[in-house]
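Read the single chain below, which is given as structure tokens and is the form predicted alone.
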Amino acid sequence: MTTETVQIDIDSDFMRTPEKVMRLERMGSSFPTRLSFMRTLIRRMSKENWKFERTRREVDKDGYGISVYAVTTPNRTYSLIAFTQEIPADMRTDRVIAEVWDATFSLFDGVPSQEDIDYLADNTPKQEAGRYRPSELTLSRANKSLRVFKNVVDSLSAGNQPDKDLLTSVGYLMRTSAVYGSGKFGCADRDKISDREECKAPFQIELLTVYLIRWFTIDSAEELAKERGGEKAVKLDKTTRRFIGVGNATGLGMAPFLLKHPALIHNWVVAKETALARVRSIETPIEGTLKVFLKSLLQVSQHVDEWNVEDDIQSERISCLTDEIQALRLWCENEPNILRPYPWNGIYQYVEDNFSLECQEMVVSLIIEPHGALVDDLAETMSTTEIPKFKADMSLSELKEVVADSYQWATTIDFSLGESQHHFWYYSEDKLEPRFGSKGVDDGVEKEMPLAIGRDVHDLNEKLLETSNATSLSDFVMSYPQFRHIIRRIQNTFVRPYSEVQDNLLSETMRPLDLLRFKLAFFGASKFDPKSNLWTRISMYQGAPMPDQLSEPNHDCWSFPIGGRSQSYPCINCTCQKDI
């Protein structure tokens, strides 16, 4: 497909409403799309011909030591400095309370000197306990997936490729448990890099860190195999190298971000929903796109077959999704169903009317995929520099109207019921990490975080209804200062209708996991593997091109990757029909 941008008028009826999109159940069924931030970064790497180089590897025969991986963009260089060490088995954990890791990383702004490396060698392995400077852009750590890492090294050292079934079942060699940036623990503030072209899109520097960690893990396994097997050792074949991603264990630390940055979240969701609406508005399909979509249903069936989790709820969803994809394939094979005007809208509407939210959101991703020329420009709209301000000149009657129109979901909740205020959010004392507590069970309710948006709006509305419209907003806030923060939020979000999660985040039935999956899907994560309602494992960059594959024509063809039969299906986000 040509890379030239295609323009199309959007039928407003094809834009899904905030009331439909911003509900936790649907948010918790999200999948990555071609607008996800990893995809955006990979396209930039390829377009700008970024250069990648391992500049240092000083490790012992077991792979413990220091390595440096550099990437040079058109304007500057970034360097991932990796420190590896042996850790006792009884100290190995993905939880935030961990104190040692197989590997720790700093992303350095530029080319580090020996003095820089020596400084970071004393601090990076300590993670939160270390001291960092503005030259450090991110801080991260990772542990091996021991079975897979060992199998890969043992197999390659013996001259064989690794066990494909084992590799497919996990999908990565190492799993990160944190990637910190934006000023945390003394690293560089966001302001230092926000005006750089490669950093303007959300989380690009953090996701560059993960991409380099992925390269490091694969490179480390191959080098260890060479150390042990000598001339007999082989490298991973091209297809297997590309399939391997990076694991991640993500918990509650991500959740508050969605609530603290409503303008940013609005931009993310509007971009995705506009992309979907553009595709649904196509009266006559672009040549080749329907054929690619039909073949993509075969690939995504295999992708789902390789998505194995222990969580009962997600397992049931995956089982249902498997059946629904098969049913959709049969429906699409009946040509009159899709060979009609506005075929993409017809496909979407059929799925919405007949299948689960999980299937609906997967199909959203699938029908957007073949339309890069139509939607990729929206990636430029997903950041913001907006700073919310209190607008004292708003009248009280106008504020009442906004609350009534835009926050009915909150004002109709009965917060007198115990189940409506069952939970509360707070920070742990030891790690300063967000926690999700239960009233009457967990301590700390007196230090509750200000994340109860629905309850705050509800309480404000009760007081507004008692107050005369003749009262100025300034006088109202002087009388009730506890409402200043929620009023400022409402003033800045009602014009951004996709900015609010339209559910009660304190409810007894609320699952933080839904917030995590929603955010991680925008990152580009896949194969969500819940370990509880509070944290999940995921895969990142699975199927993405390696640094030496970025110049290949199918560098952007890695949606819904598969491992077991990865050469059997065409790429699904363009019409090049190449195998991945």
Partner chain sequence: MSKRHLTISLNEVLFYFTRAAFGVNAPIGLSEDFARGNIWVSENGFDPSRCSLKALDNLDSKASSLSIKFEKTKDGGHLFCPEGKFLSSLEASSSCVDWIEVSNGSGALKISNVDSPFLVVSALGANGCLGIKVLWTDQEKNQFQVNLINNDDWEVLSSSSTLIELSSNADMLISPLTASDESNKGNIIKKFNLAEEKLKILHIGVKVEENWDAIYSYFSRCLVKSSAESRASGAGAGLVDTD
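Values in this document were obtained by computation on a predicted structure and should not be read as measured data. Residue numbers count along the first chain shown, from 1.
Keep in mind that the form predicted together with the partner chain is not shown, yet the notes after this line are about it.
Using a 4.5 angstroms threshold between heavy atoms, K295 stays clear of the partner chain in the predicted bound form.
Using a 4.5 angstroms limit between non-hydrogen atoms, D393 touches the partner chain in the predicted bound form. Interface residue remark: F494 is not counted as part of the site for the partner chain in the predicted bound form, having no heavy atom within 4.5 Å. The partner chain in the predicted bound form is approached by L146, whose closest heavy atom lies within 4.5 angstroms of it. In the predicted bound form, every residue of the candidate spot (R92, F185 and E448) has a heavy atom lying within 4.5 Å of the partner chain. This chain is drawn without the partner chain; in the predicted bound form, the residue among D116, D189, E508, E398 with a heavy atom within 4.5 Å of it is D189. Between the options R340, R76, K260, K232, the residue in contact with the partner chain in the predicted bound form by a heavy atom within 4.5 angstroms is K260. Of the stretches 202-210, 267-275, 419-427, 399-407, only 419-427 has residues with a heavy atom within 4.5 Å of the partner chain in the predicted bound form. Contacts to the partner chain in the predicted bound form (heavy atom within 4.5 Å) from stretch 481-515: P481, Q482, R484, H485, R488.
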